[in-house]
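One chain follows as structure tokens, the form predicted alone.
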Amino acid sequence: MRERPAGKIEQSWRRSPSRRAALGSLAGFLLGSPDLFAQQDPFRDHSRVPGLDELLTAFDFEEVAYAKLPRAAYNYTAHGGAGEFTVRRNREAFQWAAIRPKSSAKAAVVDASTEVLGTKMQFPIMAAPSAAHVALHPSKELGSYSGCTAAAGTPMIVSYATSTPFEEIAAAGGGPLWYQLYPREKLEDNRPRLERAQAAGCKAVVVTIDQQAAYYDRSAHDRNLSSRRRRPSVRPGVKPQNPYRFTSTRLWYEWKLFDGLRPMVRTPLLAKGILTPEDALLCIEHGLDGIVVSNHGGRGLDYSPSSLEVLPEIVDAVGGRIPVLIDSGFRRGGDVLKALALGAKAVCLGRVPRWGLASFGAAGVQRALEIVQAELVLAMKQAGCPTLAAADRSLVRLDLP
């Protein structure tokens, strides 16, 4: 039997945008069904974003940040350099350090307060410098600062690559602020930023010296972190300064830099990115007031050691002459206690407050930091450490592979 041609009304109905939209909505509904597992990440459950009060560890904030952020923004925070060996090693190192509780000691009340280079803090925890908070939350660094201040006045180290001017952050008022500097080869080019930060009230200056990369390495590194294809920043027609196209802002650092910066800095001056006792001793020789043991969270040279595993030898070399801070890989209060027992004066958290900001803004930063602070207090109680002074090296057994 021959099919009857469709009438005008039926043809109009078949071509109707409303019909296509309805079918598209129905398809999306079916594909989003958890029973079909379509478009579901097999490693994570995105069926519902938990509320702030449901998050119990720093790792929970990472899950929420993953769900909320564009993939490029999440990747920039989460990933590291090259094959990410150092990213993994930073976390694995905590498995090599066992806490040996002092069962005979009692710590019903714990005092975790300390002071680092004139900055008083209720907990030996700081927010490490990290770039471009605008990619994480509309409140940007102001949200991070507000969250740090609410979390027992946690000191925040503001990144050189901040998306909010240091002066604007400082004007908001709150906890202590330090300033991080990526130095420029021409010494006087560093003065304006240093003067503005100090005029705004920064309590210390942290100079990062471990992020050295070549023209090609840097481009590949950024592309790996952001999932975006980036072209190297060399203008067409401009002849490179050398045949290997090393960028002028990298691969030039020399120790004499600190001899030149020292007169510009009226606050304590620290070097960030120390991984060897030899470099730690050179920091003292060049008049630095402190160091940060760091591998840049695994975002720099791959196959470098974890910060925790080199901490004891650096502490021994320094011999108490200057405070030793540390970052890279810290997520839990127990992680912090291990570093303190091995000689660190304070621990800087980088990814944890970033996950907090991406998850719930300033409230997320506050909650993420408070969780780590509470974990530290609990670990100190369980280990029999009523004060930070009681957390000495006998508390940790370090079994390196």
Ligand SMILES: Cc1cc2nc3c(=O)[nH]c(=O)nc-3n(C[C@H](O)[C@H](O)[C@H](O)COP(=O)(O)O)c2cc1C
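The numbering used is simple: start at 1 and walk along the sequence shown. All values reported here derive from a predicted model rather than from experimental measurement.
Here the subject shifts to the form predicted together with the named molecule, a form of this protein not shown in this document.
Visitor: At 4.5 Å between heavy atoms, only one of the stretches 349-357, 366-374, 64-72, 49-57 reaches the named molecule in the predicted bound form; which one is it?
Guide: The contacting stretch is 349-357.
Visitor: With the partner left out here, check for me: in the predicted bound form, does some heavy atom of residue 329 sit within 4.5 Å of the named molecule?
Guide: Yes, residue 329 lies within 4.5 Å of the named molecule in the predicted bound form.
Visitor: Is residue 76 a contact residue for the named molecule in the predicted bound form, using a 4.5 Å heavy atom cut-off?
Guide: Residue 76: contacts the named molecule in the predicted bound form.
Visitor: Any chance residue 172 has a heavy atom within 4.5 Å of the named molecule in the predicted bound form?
Guide: No.
Visitor: Just to confirm, residue 300 within 4.5 Å of the named molecule in the predicted bound form by heavy atoms?
Guide: Outside the cut-off, so no.
Visitor: Please identify the residue among 99, 200, 117, 131 with any heavy atom within 4.5 Å of the named molecule in the predicted bound form.
Guide: Contact residue from the list: 131.
Visitor: If you look in the predicted bound form, which residues in 268-296 sit within 4.5 Å of the named molecule (heavy atoms)?
Guide: Sequence-ordered list: 272, 294, 296.
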